[in-house]
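Quick heads-up: it's one chain on its own, the form predicted on its own, in structure tokens.
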Amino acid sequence: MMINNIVPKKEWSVYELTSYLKKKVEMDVLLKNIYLRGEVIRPSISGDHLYFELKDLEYDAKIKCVFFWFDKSLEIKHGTKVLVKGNVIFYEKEGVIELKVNEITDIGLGELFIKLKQLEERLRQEGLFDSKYKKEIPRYPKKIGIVTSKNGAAIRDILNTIYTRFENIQVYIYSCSVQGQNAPYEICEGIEYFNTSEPVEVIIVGRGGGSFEDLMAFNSEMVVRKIFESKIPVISAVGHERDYVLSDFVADMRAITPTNAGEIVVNFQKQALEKLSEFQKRLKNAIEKLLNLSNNKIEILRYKLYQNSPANTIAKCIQDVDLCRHKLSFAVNKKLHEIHRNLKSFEKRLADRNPELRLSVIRTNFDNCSRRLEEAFKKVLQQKEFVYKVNLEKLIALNPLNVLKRGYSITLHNSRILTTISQISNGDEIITRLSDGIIKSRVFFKQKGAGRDV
């Protein structure tokens, strides 16, 4: 009653309950890797999975089991007594508990399985599985020994893996049985062979996948001790990843598959080649960088040598000379052009001031002036002649002789014309000029007054 009063009631959903149970089951370590003995009820195979129920006949209890990727080589029938190993799982949606089986062993093998576990424990106690005895796998093996069946798939997988990566590795195969009564002896002979007759650097011992019984040769104490005694490192490559045998524990390295064993022995060489390739690339880059720097220095030195070389100096002098020559030529041409232009100007000016031309012009002007003067002169002459004629006519008209002809005369005294009687005196000799001669006479009478009769 007190508990009911303290702890409040909780209403669970079905999903909450199943989820809670799932977590409880998954967290319980006791439900991991458990071994169950029972009888198989109604086994069925769907795809690669085996479904069955395991029944406890004594108490009539049973549990569902599932074996994913079941090895079909193991024949499981209804009523077969088996020993299974697995984990208990809880499906929250169906609310069902089931055993997820990892290993299944026919009950006939149950004792063998127990013995195997006892052997494993004993060998472990002896220290055969201690890591301190593990030998280092050579990184760059050139000679590899393989102990397996030459007709199995494992040898092909190993050889393909090795030779697809490296062709210069020597692989020696010791063919032996990998299952059956003689298998442990032959496997030991193979390991002994490589340790004595054909020394190699690493030995691969293994085979492909198979049932528990098929792999039993690699659980043999004889094989385990032979691997332990081997002075050459041994790689165990038995079955698939899920298959564990005692050889895996005692070997210096376990390969999950035969193919993986091939990868292990060449892995370092592959990594070395990759590193070598990387180093080559880095070295190439460094060399290219150094070459570029050297080329740059050489170019600088070459440029300096070019700048300071006598040939370059001479070439530069030649260039300077050419430049000066071009400048001189340009200056001379310019001067010549200027002189030519001035000469043209002078020629033009000289032509403009040519004496001959000027003389011609003057002569022309002179001729024109002469002509004009002549014409003017003629005109003036004509005018003068006209005036002369007019004057002549006037003179003729006014000529005293002509007047004398009309009956008039001129009296002169002492070569002077007498215009008045006062200029003479009686007794003076006078000269009378008539139209056709002269008369000399003496004044003997004079009288003033015109018109008076003498």
Partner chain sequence: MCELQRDIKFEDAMRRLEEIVKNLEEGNLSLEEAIELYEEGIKLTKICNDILRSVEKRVVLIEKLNGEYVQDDITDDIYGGLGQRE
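Positions refer to the first chain, counted from 1. Quantities reported herein were computed from a predicted structural model and do not represent experimental measurements.
There is also a form predicted together with its partner chain; it is not shown, and the following applies to it.
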Note to self: For its partner chain, considered in the predicted complex: do all three of 20, 102 and 125 come within 4.5 Å of it, counting heavy atoms only?
What the structure shows: no
Check: Heavy atoms within 4.5 Å of its partner chain in the predicted complex: does residue 379 have any?
Finding: no
Notebook entry, point to check: Does residue 219 reach its partner chain in the predicted complex if we count a contact as any heavy atom within 4.5 Å?
Noted result: no
Margin query: Considering non-hydrogen atoms and a 4.5 Å limit, does its partner chain approach residue 233 in the predicted complex?
Written below: no
Notebook entry, point to check: Even though its partner chain is not shown here, does residue 135 get within 4.5 Å of it in the predicted complex, heavy atoms only?
Noted result: no
Item checked: Partner-contacting position among 170, 360, 309, 342 - heavy atom within 4.5 Å of its partner chain in the predicted complex -> 170
Next item on the list: Go through 78, 240, 139, 117 and name the one with a heavy atom inside 4.5 Å of its partner chain in the predicted complex.
Entry: 139
Notebook entry, point to check: Which of 379 to 387, 342 to 350, 140 to 148, 299 to 307 has heavy atoms within 4.5 Å of its partner chain in the predicted complex?
Noted result: 140 to 148
Notebook entry, point to check: Taking its partner chain in the predicted complex, which residues along 259 to 277 bring a heavy atom to within 4.5 Å of it?
Noted result: 269, 272, 273, 275, 276
